[in-house]
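Given as structure tokens, the chain that follows is alone and in the form predicted alone.
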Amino acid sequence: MITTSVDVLVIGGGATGAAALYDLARRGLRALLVDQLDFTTGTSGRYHGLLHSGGRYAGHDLETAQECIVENQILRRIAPFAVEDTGGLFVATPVDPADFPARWLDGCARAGIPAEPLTPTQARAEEPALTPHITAVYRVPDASVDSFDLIHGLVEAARSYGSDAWIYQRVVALLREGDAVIGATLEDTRTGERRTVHAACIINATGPWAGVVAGLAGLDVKILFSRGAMIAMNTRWVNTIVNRLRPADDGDILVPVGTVCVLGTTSVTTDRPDDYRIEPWEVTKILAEADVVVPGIRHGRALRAWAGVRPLYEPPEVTRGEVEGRAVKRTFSVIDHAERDGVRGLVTVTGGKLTTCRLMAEKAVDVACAQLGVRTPCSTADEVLPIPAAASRRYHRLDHRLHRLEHGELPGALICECELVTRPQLEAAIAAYGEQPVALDDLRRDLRLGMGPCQAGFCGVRAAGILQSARKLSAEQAVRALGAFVDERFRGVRPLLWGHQLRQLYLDELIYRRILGLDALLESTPATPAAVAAATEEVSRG
């Protein structure tokens, strides 16, 4: 078994784990981050894209509101490549509580969140799609943030300091000697190969999985799981983030992200860290509530729905009775297991928001450094991150991409017509993974491949052929890669089967399940997929 030694092992490739890796590297420690899948496949990649001003928490959770406004400004400064400064509006309508704006404004003032009053006429001049029935509206410094770009930036910066990150490495055991955790056993989720990593300290930044990972050391961390559903509309109905000015509830936010508009979210208590179901009532509720502030949006074309699981945590000493869902604070906790459980070498960080990932990492690394006797302070708020390679090859503005395409700056065959992704871009993205495994869904996160109106109806098979050629996959491997990608795309479309979306799904199914016979191929012998693999490669060349 291969053995590696590092100062600190970080488990979890989301925003907090990546920020912790970067923080450790800047403090001069040799750190390694591992994740059971690719970066951002968990909660950090399954959210609505909002960089919080703290306004959503000003009325009921002052601590979280204060954390958000401070970290909002820091992330804008250190990761400008990942942030679109959309601004935010909090809009009250006649159906919202009339006394809430005054309480909310008081909370904003106490948290230090600037809230500029606008007239309904001013608000509708900026966002014509807003309802004319506005009773109050305020501007706050919300923004949208690309978690994929942010995490790539943090990881690449950490690597420049000598640390590293490995994907598709699942932690199957924590190594414990007496009252100390000294390392972990990893299993490659693609090959089954196992290796050991020895570390003086481990940071558990696995979000909803934090309790599972702590359990591998025989420790009890109770995480409350809150599932939230979101819907992506096929155009940007608004260019400013729009929040309902009311107590937090289901379906009270619209976030323009890239080429789409995300509507969300629900809050459903669940008992699983990977519960990604979307129930019909959630879709109906989100669309109906969005329609109150943007009339007509519920009749627009919804591209897909997805869900993420929020890891909520309150220390046992402050929990009073049964608390769940929106009643649990959205601030974060850092558990020093040496102090709480008498077990050195393990620190758990959980809860919080993507907006506060840098602060969460700082506090967790502070505890890890205290265990290691390292006194170097955090400096992650002081320096602008270099633009990651992933960000440099992604262009969310379609008019920007189209201009580059038409003027010869993006030469090569067009693979994804919806998001204007070319073959050279796809090949470069695959090559950037080096020797690490790569799936079509990973390329989706890097390039927005298949995230446009057709939801991979036409580009999936082409991309599979290119991936097969670049990685020299067998025919069976190529078909399975395509099958996994198509299944994930179809899963997000199924909750939205009406109108144009229903017609698009039937077309996609005709292509993949009838013409290519993908379901049958996945169940057949390798000989039959070879013919389809050859066809996919020929399609990709065209």
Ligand SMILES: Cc1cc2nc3c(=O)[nH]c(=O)nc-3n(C[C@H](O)[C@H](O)[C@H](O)COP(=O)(O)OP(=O)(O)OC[C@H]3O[C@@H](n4cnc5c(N)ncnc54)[C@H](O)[C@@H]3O)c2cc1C
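These numbers come from a predicted model, not from an experiment. Numbers follow the displayed sequence, beginning with 1.
One more form of this protein exists, namely the form predicted together with the ligand; it is left out here, but the text below deals with it.
Chemist: So in the predicted bound form, does R310 come within 4.5 Å of the ligand, heavy atom to heavy atom?
Modeler: Yes.
Chemist: Using a 4.5 Å heavy atom cut-off, state whether V34 contacts the ligand in the predicted bound form.
Modeler: Answer yes; at least one heavy atom of V34 falls within 4.5 Å of the ligand in the predicted bound form.
Chemist: Mark A92 yes when one of its heavy atoms lies within 4.5 Å of a heavy atom of the ligand in the predicted bound form, and no otherwise.
Modeler: No, no contact at 4.5 Å.
Chemist: Using a 4.5 angstroms cut-off on non-hydrogen atoms, would H52 count as touching the ligand in the predicted bound form?
Modeler: H52: yes, in contact with the ligand in the predicted bound form.
Chemist: For the interface check, one of 364-372, 170-178, 466-474, 339-347 should have non-hydrogen atoms within 4.5 Å of the ligand in the predicted bound form; which one?
Modeler: Answer to the contact question: 170-178.
Chemist: Among V213, I297, A248, V268, which has at least one heavy atom within 4.5 Å of the ligand in the predicted bound form?
Modeler: The residue in contact is V213.
Chemist: Are there residues in 99-134 with a heavy atom within 4.5 Å of the ligand in the predicted bound form, and which are they, in order?
Modeler: If the 4.5 Å heavy-atom criterion is applied to the ligand in the predicted bound form, 99-134 yields nothing.
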